[in-house]
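The form predicted alone is given below as one chain in structure tokens.
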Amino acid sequence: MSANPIIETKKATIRFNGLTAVDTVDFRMEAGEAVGVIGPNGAGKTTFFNLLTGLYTPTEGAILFSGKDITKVPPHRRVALGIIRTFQLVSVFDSLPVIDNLALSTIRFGENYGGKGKFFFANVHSQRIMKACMEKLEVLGISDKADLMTSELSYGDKRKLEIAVALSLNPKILLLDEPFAGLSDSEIGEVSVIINRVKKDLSFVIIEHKISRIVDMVGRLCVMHEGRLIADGPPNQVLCDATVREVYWGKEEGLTCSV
């Protein structure tokens, strides 16, 4: 285990009007790891992501990235550091062509971006930008839809576009919040293949309720319940944990336990 994990929380806690949504969570992951975060509804999973990405500031505790304290660093600066996320509900610009969704993110966090004025007057359709955007769309299998209005895409293709946008930001760590939500079985299969392909080049955390879809995708599984981290380890070991099984399925029910 390295001295400086890529991301770490120390006693991360956040309260809203007396309600503790995330409770003294200690979490760390190494560069290149693939980690799943599961738990019942209301367990604090998305709130935990919001702490990692800066949407919320912890009431107590600290967030570290590559050994540096980023507890009070705002979201846009964390994006620039390489902490990139997607959301439960697909977040793309329906009023723009598909490729322009990527052009916006590629320019905004590109090396030569110097401010809003420069952004608005930049040649967003330069050969260099378009080539980079098409490469990302090809990875996600939607390059043939580059010129369509985003509003014309299926929900599954919008999810692929959202992941393409996330990849265009050059993530060091990618956090996916329920990427299979709202997708058909065939779309889940397609997105799973994509995630397995791209995760090899970065650190990766996924929140997902469809546990069977991620047990072979991650090397570690973390379980949250009532704001606390109650289990953390290899997926089969975690799913065999008595406390985890009772939280999810009751004492006598659940997934077949095999180690």
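Predicted model, so just to flag it, every value in this text is computed and none were measured. Numbering starts at 1 and runs along the sequence shown.
Keep in mind the form predicted in complex with a small molecule is missing from the figure; the text below concerns it.
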Checklist entry - Any chance all of Pro40, Ala43 and Thr47 sit within 4.5 Å of the small molecule in the predicted bound form, going by non-hydrogen atoms? => result yes
Checklist entry - Any chance Ala242 has a heavy atom within 4.5 Å of the small molecule in the predicted bound form? => result no
Checklist entry - Closest heavy atom of Phe65 to the small molecule in the predicted bound form, within 4.5 Å or not? => result no
Item to check | Distance check, Gln88 to the small molecule in the predicted bound form, heavy atom within 4.5 Å | outcome: yes
Checklist entry - Do Val238 and the small molecule share at least one heavy atom pair within 4.5 Å in the predicted bound form? => result no
